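In structure tokens, one chain follows: the form predicted alone.
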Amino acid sequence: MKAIILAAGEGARMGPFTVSEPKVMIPVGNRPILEYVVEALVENGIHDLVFVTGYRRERIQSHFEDGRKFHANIEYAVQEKQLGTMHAVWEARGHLQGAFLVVNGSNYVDAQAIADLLNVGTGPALLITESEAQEKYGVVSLSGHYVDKIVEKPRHPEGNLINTGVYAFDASALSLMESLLNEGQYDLPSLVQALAAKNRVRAVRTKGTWLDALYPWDLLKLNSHVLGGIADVQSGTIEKDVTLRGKVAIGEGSRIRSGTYILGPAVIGRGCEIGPNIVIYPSTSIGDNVKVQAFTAIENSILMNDVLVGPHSTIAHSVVGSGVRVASNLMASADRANAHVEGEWHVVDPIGGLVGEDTEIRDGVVIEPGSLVGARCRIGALSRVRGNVPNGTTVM
């Protein structure tokens, strides 16, 4: 059996974190989201994978290549225009023979969830789960163990079972796809509805884990989950008087300087310089080639690759993009706050700052909880940032 992994989209709601990367390549636990999807499939014996790529596809191909280092055989198809999920599968039709799975590469899914779908046997099937945010998904109504209908993003949901976007199909689905596409229907829920009308589509409730990241702060939830499974490995240099508690993974070539206290689960990448005298609290991921200077505290946050955090800084419940440079005395503390993304307001509790790639932050800056700073911004000394700062803005 092959699996098609949908990885063509930009992920516009992720704002500044997808300026240079597709959403599937955003790191959580210092690994792209897409890696966890590949791992879940391979653990179930599915090694033949087709990535449907589009936006920034070179980033995906340079990382995964032919899949050998991930114990997979990866082929690539291209969706030039992101018309919809069924259209994406159609673009991969030349790679398909027989039954296949479809998985969204920007959602976290574990091996148990994939196993639950496979264990129902042959025929079309859809993985479902419960959600308290039904209005953001396709809500699934059931007739026994089978799909009755899917209502996309209902204003008044009837039930809390949602479509995870993980499907099992057989080859007969392709001919039905072609007719639906000709009618201007481009999404996989339309295919499921058509199959349900002709035959029966099994709805599979999973005992595994499926997590979505719709918005930047959702990355922290994914990050916290995956860090629960990290190995306690220290490959770098740990100086005298460093305290490590819980599971802490430290990459090759990293140095943890004296007086540093790290409470896991936490992961620190390769080639980092951490400390002296800093505190890292649980559920924190620090990428490769990151430098965190003295008397800084970091809590439940993601720092991507090549970040510099100057001394006397506080970063909590925050996401900091690759290449960000902080001079000193940054205050990005967390609280309940309103965040504005893609024209919608959201109440998030707690949330710190969300800072896009290659932004420069000078001394003594305060980023108010829920603020989103775009990519390649310049934030002047002693500035107070509140709300959203567009990409490329200079704040004085």
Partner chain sequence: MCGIVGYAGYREALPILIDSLKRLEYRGYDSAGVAVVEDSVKIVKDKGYIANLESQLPQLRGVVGLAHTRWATHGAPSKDNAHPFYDCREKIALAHNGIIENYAELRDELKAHGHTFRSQTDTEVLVHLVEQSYAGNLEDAIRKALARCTGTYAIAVVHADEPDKLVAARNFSPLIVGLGAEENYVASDVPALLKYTDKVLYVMDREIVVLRPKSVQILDFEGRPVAREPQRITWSLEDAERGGFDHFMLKEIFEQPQAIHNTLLGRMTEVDTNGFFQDVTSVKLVACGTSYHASLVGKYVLEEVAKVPTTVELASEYRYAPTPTEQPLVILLSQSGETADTLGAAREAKRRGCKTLGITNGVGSSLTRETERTMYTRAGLEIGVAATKTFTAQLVALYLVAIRMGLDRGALSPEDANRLRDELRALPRHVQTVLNQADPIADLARAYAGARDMFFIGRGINYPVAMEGALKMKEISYIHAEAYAGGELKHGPLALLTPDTPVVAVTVRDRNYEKMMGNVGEVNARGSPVIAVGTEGGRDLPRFVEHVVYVPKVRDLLYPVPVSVVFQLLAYYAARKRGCPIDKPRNLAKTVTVE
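These figures come from a predicted structure and were not determined experimentally. Numbering follows the first chain given and starts at 1.
Form predicted together with the partner chain: not shown, discussed below.
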Heavy atoms within 4.5 Å of the partner chain in the predicted bound form: which stretch in 328-336, 42-50, 347-355, 27-35 meets that? 42-50
Assess the spot marked by Ala111, Ser301 and His340: is the partner chain within 4.5 Å of a heavy atom from every one of these residues in the predicted bound form? no
May I ask you to check whether Glu130 falls inside a 4.5 Å heavy atom distance of the partner chain in the predicted bound form? no
Is Arg376 part of the interface with the partner chain in the predicted bound form - any heavy atom within 4.5 Å? yes
Would you please decide whether Ile268 lies within 4.5 angstroms of the partner chain in the predicted bound form, comparing each non-hydrogen atom pair? no
At 4.5 Å between heavy atoms, is His95 in contact with the partner chain in the predicted bound form? no
To verify the annotation, which of these, Asp288, Glu91, Asp187, Asp212, has a non-hydrogen atom within 4.5 Å of the partner chain in the predicted bound form? Asp288
Which of Asn305, Thr260, Thr85, Asn163 has a heavy atom within 4.5 Å of the partner chain in the predicted bound form? Asn305
Suppose contact means any heavy atom within 4.5 Å; which members of 33-71 contact the partner chain in the predicted bound form? Val42, Glu43, Gly45, His47, Asp48, Arg56, Arg57, Glu58, Arg59, Gln61, Ser62, Glu65, Asp66, Arg68, His71
